[in-house]
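Okay, here we've got a single chain as structure tokens, the form predicted alone, with questions on binding and movement later.
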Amino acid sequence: MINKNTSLRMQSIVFIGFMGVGKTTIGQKVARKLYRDFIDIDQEIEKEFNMPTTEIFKKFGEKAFREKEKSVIESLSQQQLKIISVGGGAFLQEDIRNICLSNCIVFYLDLSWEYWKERIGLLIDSRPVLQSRSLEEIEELFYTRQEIYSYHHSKVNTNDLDVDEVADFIVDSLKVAWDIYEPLK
């Protein structure tokens, strides 16, 4: 359910999906096209802790990271006209899912396992959740999280699309929705 107190045009947009699907890259493109501020939640948390995510996990643990993640997302999702990329595990928290779905427009960036596993070499060192897991364990995590990502307002399959094509599709979809549901007077 989308917040009825804020017009659709003013609501922030949240990108969800498994780590490495392109939430940050696509989010930045969409933000430029819509003249909005882009916020990567993981980068915001890293700024607050003054260290990379991998170090936060090592020094403070995943629980501390998830608590900070929740508070940052809760605060930012209440703001208007933002483009927000949330970490791949953020939607594991029901509170975060509910906050985002109630206050923002949530886009799920869907990438198949076959396409995603081609990126693993680029991701493994910077993603604490992937470290010390076998490919089979990562695949299981990938498919387990698909159910969590099923909570969204719109889904975009990104398999055969480049960043610009995905960003254009999202912007065009938003403009159509805005015109249908909130025509300018």
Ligand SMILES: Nc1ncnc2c1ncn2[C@@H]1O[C@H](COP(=O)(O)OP(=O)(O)O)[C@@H](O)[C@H]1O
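Numbering starts at 1 and follows the sequence shown. Predicted, not measured: the structure shown is a model, and the values here were computed from it.
Below, we turn to the form predicted together with this ligand, even though it does not appear here.
J.: Is there a heavy atom of Ile170 lying 4.5 Å or less from a heavy atom of this ligand in the predicted bound form?
T.: Taking the distances in the predicted bound form, the answer for Ile170 is no, it never comes within 4.5 Å of this ligand.
J.: Against this ligand in the predicted bound form, would Lys68 count as a contact residue? Criterion: heavy atoms within 4.5 Å.
T.: Lys68: no contact with this ligand in the predicted bound form.
J.: May I ask you to check whether Leu174 falls inside a 4.5 Å heavy atom distance of this ligand in the predicted bound form?
T.: No.
J.: Could you confirm whether Thr24 comes within 4.5 Å of this ligand in the predicted bound form, counting heavy atoms only?
T.: Result yes; Thr24 sits at the interface with this ligand in the predicted bound form.
J.: Go through His153, Arg127, Arg36, Lys29 and name the one with a heavy atom inside 4.5 Å of this ligand in the predicted bound form.
T.: Of the listed residues, the single hit is Arg127.
J.: Check each residue of 91 to 124 against this ligand in the predicted bound form and list those with a heavy atom within 4.5 Å, in sequence order.
T.: Residues within 4.5 Å: Arg119, Leu122, Leu123.
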